[in-house]
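Coming up are structure 1 and structure 2: the same protein chain in two forms, each one given alone as structure tokens.
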Structure 1
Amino acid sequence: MTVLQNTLYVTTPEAYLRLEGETVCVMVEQQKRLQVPLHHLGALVLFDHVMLSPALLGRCAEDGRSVVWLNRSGRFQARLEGPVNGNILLRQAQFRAAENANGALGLARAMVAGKLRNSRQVLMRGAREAKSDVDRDTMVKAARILATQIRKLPQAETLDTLRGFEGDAARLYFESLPAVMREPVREQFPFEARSRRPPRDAFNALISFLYALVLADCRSALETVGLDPQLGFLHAVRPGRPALALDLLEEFRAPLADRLALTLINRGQIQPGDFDCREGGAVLLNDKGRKTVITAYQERKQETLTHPLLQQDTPIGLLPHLQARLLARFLRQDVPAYVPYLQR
């Protein structure tokens, strides 16, 4: 089994990372704040203005360790790329599959099904834990409609129809999501619809940030496996857009990001004070909030669950890798189908 290595997230502005022997040192104002053995690290994710010594950069490139730069709100800025690796035959297969309209549609349908099934799972769990009948009814009703939408997916005969079904279902899902929040905290996180670029309320800011973290993991999973993260099946190709990483993200949005966001809110681990409201209405996580979210996400990735296909305990952080590999296997016709990760 691939070993789940840690990701080192550095959020301290003006931090300087350097290589010392086989370790990474995080220096802040010439003081050593942290020293981590390189072999524990699979990736470095750096927010804002974090610097890296040329020696460390070279070493990461050589080892194929990913280095990603994100801005303060988690938007992708840059990444380190070593020699082009992976498999040209696999990429050829990926490109052929994307050109084959039927094949691409089939994959896109499976991806949307994964997304909607996992979204529905969040609502059903919410319903099981609901404190009031009103909330339970709201969630059960939404879960029923989602089930109907999922059954409709095979009828979508074009990508546009499929994206339409997905959009309708997502709207319904988000409408009923506040019911998953506990009553006392619900009014602290008023949330009506998904808003992004920029998020216009705290809940949107929270899930946007989590999506960015999961997306970075999906992207590096695809690159590790040798797939081209820019050529997607559900998401259209656009310059600079990691369409396949966005495809892979779909099945993980609900279980890895939404679920965690709701847990953080319900447990009071994240509070309105963890967000900054900007003039004009944009809402963003502040430094303290980002730290809380990153720590929680890291811990969540270490938890294990039983993979429905492999029937073995898998760290949650490895799920994107397993799915990326399954997708590669499907594209190389090594397995008969691509099945998204389905949360229990």
Structure 2
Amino acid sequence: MTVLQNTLYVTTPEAYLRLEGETVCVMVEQQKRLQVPLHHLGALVLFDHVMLSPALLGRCAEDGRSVVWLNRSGRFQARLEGPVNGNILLRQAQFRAAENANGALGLARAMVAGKLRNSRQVLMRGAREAKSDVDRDTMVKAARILATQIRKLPQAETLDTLRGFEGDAARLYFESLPAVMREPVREQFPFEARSRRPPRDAFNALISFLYALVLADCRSALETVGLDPQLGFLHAVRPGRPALALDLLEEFRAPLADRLALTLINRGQIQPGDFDCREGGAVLLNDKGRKTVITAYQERKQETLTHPLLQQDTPIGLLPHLQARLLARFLRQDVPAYVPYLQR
């Protein structure tokens, strides 16, 4: 459990929150583990089976303090909102920003910059750990070109141009990604380019599955802060498409999904036998493979790091929530710019 940006996140299963005077007490196995002044909190986010006393629930509703429930994997389940809240104002701000061409372009540019910078970090880390000069040179060269692409982003005067820069950089990144794999596993996981709907090889199947997990977390994070996950800035709006969740996903693809995929295959935790080939050439994770990946992803989310902007120790699983709150603060004009998550 932790307090970040005036939000209390409770991730301890079976915790019980109760009101004590003007404070919130978090009880675990009848022992007080945390006590926070109520006026410091703007929202409570509860994972898995976390209970609240009726008195605390009523007080949150009366004060207009939101309470959000997520399941164990972080998927949004429900939200309690009091009679007065700022969500409609936040959504109005989101709609205005989406209708403002320059504003939408600026947000989309920040998200693409975060994506390219984090992709570059994966290659630079791979270069430091490379066993051969050829692999190292491949990754260093690609990282330099990505740095050039990042510097070109301010030149994009339309969303289509920006998407073109992003597409070119993504192709280069994926072409270089096999160099991050250890040589013995490259034959087991041949990968030349990104393919999806359906994935045509095991590595594409693995990262597609991980992207889906991270996307679900991004969508939950946006729902938690009261943003509409359907209205994005980089991704075009289509019926049923979570455009804003896809926007937020961009800055997390490399650090949360690609790096985990590479770790799983380099360590031999995922094997070719964890995939099934279907008619038509599709390759998908089987039940055993999905269980391995989900377990690894949940364990990864429990690890902590220091958020580069907030300078607070943060469970990795809460990173999408923090970025969603930073985005909400920007849309409310509480801060002058949206800063994407930048992996160190």
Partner chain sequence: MQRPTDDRLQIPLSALNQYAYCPRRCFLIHGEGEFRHNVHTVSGTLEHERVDRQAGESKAGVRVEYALPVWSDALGLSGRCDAVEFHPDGAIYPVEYKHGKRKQWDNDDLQLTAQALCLEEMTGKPVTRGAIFHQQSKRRREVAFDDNLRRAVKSTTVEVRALLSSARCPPPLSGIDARRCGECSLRGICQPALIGSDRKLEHLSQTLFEPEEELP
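Take the two forms, find the largest set of C-alpha atoms that superpose within 1.5 Å, and that set is the rigid core. From a predicted model like this one, the values you see are computed outputs, not experimental measurements. Residue positions are counted from 1 along structure 1's sequence.
Structure 1, not structure 2, is the form predicted together with the partner chain.
After superposing the rigid core, the Cα of E20 is displaced by 2 Å or more between structure 1 and structure 2. After superposing the rigid core, the C-alpha of Q35 moves by 2 Å or more between structure 1 and structure 2. Core superposition places the Cα of R65 15.7 Å apart between structure 1 and structure 2.
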